[in-house]
Ligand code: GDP
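Given next, in structure tokens, is a single chain: the form predicted alone.
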Amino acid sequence: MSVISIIGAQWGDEGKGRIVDYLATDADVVIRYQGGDNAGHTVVNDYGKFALHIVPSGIFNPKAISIVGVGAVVNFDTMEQELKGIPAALHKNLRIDSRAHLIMPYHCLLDGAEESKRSEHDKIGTTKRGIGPCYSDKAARTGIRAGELLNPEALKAHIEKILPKKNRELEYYGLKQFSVDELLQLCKKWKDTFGSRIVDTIPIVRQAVDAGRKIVLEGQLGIMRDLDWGIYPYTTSSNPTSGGAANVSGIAPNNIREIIGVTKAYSTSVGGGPFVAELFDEDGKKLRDIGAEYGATTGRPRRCGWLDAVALDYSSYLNGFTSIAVTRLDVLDSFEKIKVCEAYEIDGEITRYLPDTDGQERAKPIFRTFKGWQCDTTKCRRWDDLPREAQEYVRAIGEYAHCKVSYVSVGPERDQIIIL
């Protein structure tokens, strides 16, 4: 049996989608286990280039069942538009867990309104996709789940119960309010389009686990945006950790055999909160320009910095990485010197332990400098093809993460992954 969990080791945007796409080529089940359509997993394969927001990256394997799991929150309008860009023959194995919560139109409006009320310093950096408000309703036990679309009478009663409160919130912000009939019509449209794909996924997953099938678990964002362990309150509303993956994939922790952390060869972040290794100089601009570091969902420029080894060590410990995948090594090809933030200075004290948000906001990076390789790595297909300086840098990343490096990506194509 091979259950593999793919975890973002940084602030998100690490390149998880391309690793999942690669591992999914021979997978039997791929589960997108948390998050919503604020994700932007960029995948390049024989079908073309895709920015996946809610559809699992395993959709391109026609033999695999692709599941949007119970921990995800689903906007069916977004999913419908996304599927239009994917060959129809690949849609047949898509399933949505009946327990997954639905992003309703009022969630998106309230998300944007709440963010607009924050000061610039306090902005969380939400994508305004309704993710946070939907998870809030889930926690408050008032949310609407996908399976309710299959029971119109119960759904109507549920909407009639919760809508007055939602409309009062919308009225407070001066926003459009909704009628019960309006939402029921939308839900009927979603049922007509996706009703046959809404199922209890536990029997599918359990059968695959019992039969020893290959299962890949795909999360959204990274540990530094985790609701509990990330830079709260500048976080997502779920848990993109290995523990979170086990909880909401329906697979017991002792059945997960591999936990692969995905880290860029440098660091990026989108949204608010501390980012200790962030660069504000020409090197930061160069990383953004070469790496085309703009959000796949929002188009926002990403904050760029050198690799933060303090955060990577923290991520590896909390998730229990069995190995890591280093992505975008080729972005560093032209740098004469490459740095790694391997410690913080906080109030005159040196630490290699990642503090909570307040400590990170006061931290100053302490860098170690590596010699760059200054040659093209995009054509490298074997470890021995990489220049010596690149090998030394990758080995150092593995040492910072306290585990082996299993994959190194030197470009967006499937064949631009070096397997160690």
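Values in this document were obtained by computation on a predicted structure and should not be read as measured data. All residue numbers are counted from 1 along the displayed sequence.
The same protein also exists as the form predicted in complex with this ligand; that form is not shown, yet it is the one meant from here on.
When contacts are judged by a 4.5 Å heavy atom cut-off, Leu109 does not count as touching this ligand in the predicted bound form.
With a 4.5 Å cutoff on heavy atoms, Asp137 does not count as touching this ligand in the predicted bound form; it lies far away.
Within 4.5 Å of any heavy atom of this ligand in the predicted bound form lies no heavy atom of Lys166. Heavy atoms of Thr327 reach within 4.5 Å of this ligand in the predicted bound form, making it an interface residue. None of Ala309, Val331, Val276, Ile159 but one reaches within 4.5 angstroms of this ligand in the predicted bound form through a heavy atom, and that residue is Val331. Note on the interface: of 358-366, 380-388, 42-50, 63-71, the segment with non-hydrogen atoms within 4.5 angstroms of this ligand in the predicted bound form is 42-50. Contact residues in stretch 399-420 (any heavy atom within 4.5 Å of this ligand, taken in the predicted bound form) are Ser409, Val410, Gly411, Pro412.
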